[in-house]
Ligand code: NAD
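Read the single chain below, which is given as C-alpha cells and is the form predicted on its own.
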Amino acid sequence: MAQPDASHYVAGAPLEDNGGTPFESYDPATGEPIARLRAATKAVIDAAVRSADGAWRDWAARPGVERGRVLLRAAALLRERNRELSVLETRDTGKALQETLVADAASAADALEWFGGIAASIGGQMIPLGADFAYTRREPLGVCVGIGAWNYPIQIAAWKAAPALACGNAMIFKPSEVTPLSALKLAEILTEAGLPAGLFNVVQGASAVGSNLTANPFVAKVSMTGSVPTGRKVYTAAAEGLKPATLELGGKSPLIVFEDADLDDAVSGAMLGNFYSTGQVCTNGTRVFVHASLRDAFIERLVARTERIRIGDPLDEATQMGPLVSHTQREKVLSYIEAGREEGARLLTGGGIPEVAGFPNGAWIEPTIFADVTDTMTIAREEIFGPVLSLLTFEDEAEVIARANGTGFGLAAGLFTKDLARAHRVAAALDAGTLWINGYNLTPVEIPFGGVKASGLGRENGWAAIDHYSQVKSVHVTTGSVDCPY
C-alpha cells in the first residue's frame, strides 16, 4: 500500500477530517486500491485558506534570495528521492517507471531549481521622467490555487508552486482525485526544505473542492490544468470574483512531416508524440500529416517500430508502455478506436487489449495507428488522450498549414524538415502556444508553456510565468514643487 499519513496537508502538517467523502486511489496495472483518502470538507478548505492567508505576507517580505534557497533545497531533496517518488508515481498513474524516473519528480525538481535560481532577480524597473522618476514593484498576488491533472501529478504541482512561491505567494494545490498521492510527498519535502507552514497546502477531492477553492474570497488567483469543459467552469468562477486565471487545457496537435525530413527522426517524433505516457499527454501530436511522397516508407517504419513497443509491468525498467490511468479512460479510448473503424479509417496496428502476464486486471491497451484518416473524422477532431495515432497525407505547404490550423485547439505543433527557412516560416504560421522543429514533446522549464484558442490562457514556466503570479505597482516620485493651475 501507499497509504499516506493523512488525506490533506495543511499548515505544514498532515491533516485528516473523517467527515470527508472517502475515495480510493488505484494501481492501474493491477486494478487494486493502493490508498484510501477523504475529500476535503468545508472545514479543511477553510483551514487551508486561513493557513495560506496567514503565511504569505511574511514570506513575501523576505528577500528573494532567501525564498530561492528553500526552493533549491527542495529540488535537491526531490532528486535524492527520485526513485521512491517515481515508483509512487508509477503505481498511482500506471506510467512506466522508465518514464517516471526522468519525467516526473525530476521535472518537478527542475522547476523548483530554476525558479529558486531566479527568485532574487524578480523585481521592477526604474523609469526616468526628466526631473522626476518612477519605479515599478513586482508584488505577489497572495493566496493562489492550483488544480492539477492526473497525467503528470507531481510535475504539475511543482510547475504551479515553484513560480508562485518564488514570487512570494502561498499556494493551495488540489491534485486530481485519480492520482492524489505525490502532491502530498511534495508538500512534505517543501516543509523539510524550510518552507514555512501554510505556504503550500494540499487538499483532496473532485471538482466540487476545486470550485469551492476558486470561489473563496481570500483566493487571489487560480491555475488549472485539465480538460476544456472543466477549464470553462473554472474560468467562469474566477471571472465572477475578478480573479486572474491560468488555464492549460486540451489539444489536438498537428505534427507535420515534410518530404525532406529525416525519416527515422520523424518516426521517432511521431512515436514520442503519441505513445509516451501511454498517449496521455496534452501536447501529443495525434494528427500526423505526412507528405504523400514519404507516406509508404513512413508507414512501414512506424508500424514496425510500434509493434516492438514493450508492454508490461510498469515497475520493470525494461517496460516501455504501461496501462492507461484507469478502466474508465480505457473505455473512452476504445470508443474512439471504434469510431475510427466505423468512419472508414484503416487500422494498421493495435486497436485492442493486450494480455499482460501477471496483470489480468490492468487497464491495458495496444498502441494504435490509423491510416487514411480525413480531417472530418472524429479521431482527427477530438482529443482521445490515449495511444492512438491518426495518419493523414498532404501535398503542399499551404494546404497542410490550413488543415493543421483547422481545429479549435492550439496547444502545440511540430514539424520535421531540413529546410531551415521553411521550418521558421511554418512555425510562424501555425496556431500553437508551443512548437517543435525536428523534435517533439520537449518541455524544459526555461521556456513558456501554454496554449491558444480553446487550449488555454496564460503561460507556465520561464519568465512568462512570473507575470501570472505577480502584479506590477507603479510608483511616481516628484522631486520638485507641485505644478498646480488652481
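A residue's number is simply how far along the shown sequence it sits, counting from 1. Keep in mind that this is a model prediction, so the values were computed, not measured.
One more form of this protein exists, namely the form predicted together with the named molecule; it is left out here, but the text below deals with it.
Proximity of Asn405 to the named molecule in the predicted bound form falls outside the 4.5 Å heavy atom cutoff. In the predicted bound form, no heavy atom of Leu97 sits within 4.5 Å of the named molecule. Proximity of Phe385 to the named molecule in the predicted bound form: non-hydrogen atoms within 4.5 Å are present. Looking at Gly410, you'd find every heavy atom of it more than 4.5 angstroms from the named molecule in the predicted bound form.
Note on the partner interface in the predicted bound form: the residue among Cys144, Val288, Leu165, Ile156 having a heavy atom within 4.5 angstroms of the named molecule is Ile156.
Site annotation in the predicted bound form: the residue of Gly148, Gly269, Pro367, Gly340 reaching within 4.5 Å of the named molecule with a heavy atom is Gly148. Heavy atoms within 4.5 Å of the named molecule in the predicted bound form are found in one stretch of 209-217, 316-324, 347-355, 103-111, which is 209-217. Annotation for 234-255: interface residues with the named molecule in the predicted bound form are Val234, Glu248, Leu249, Gly250, Gly251 [heavy atom within 4.5 Å].
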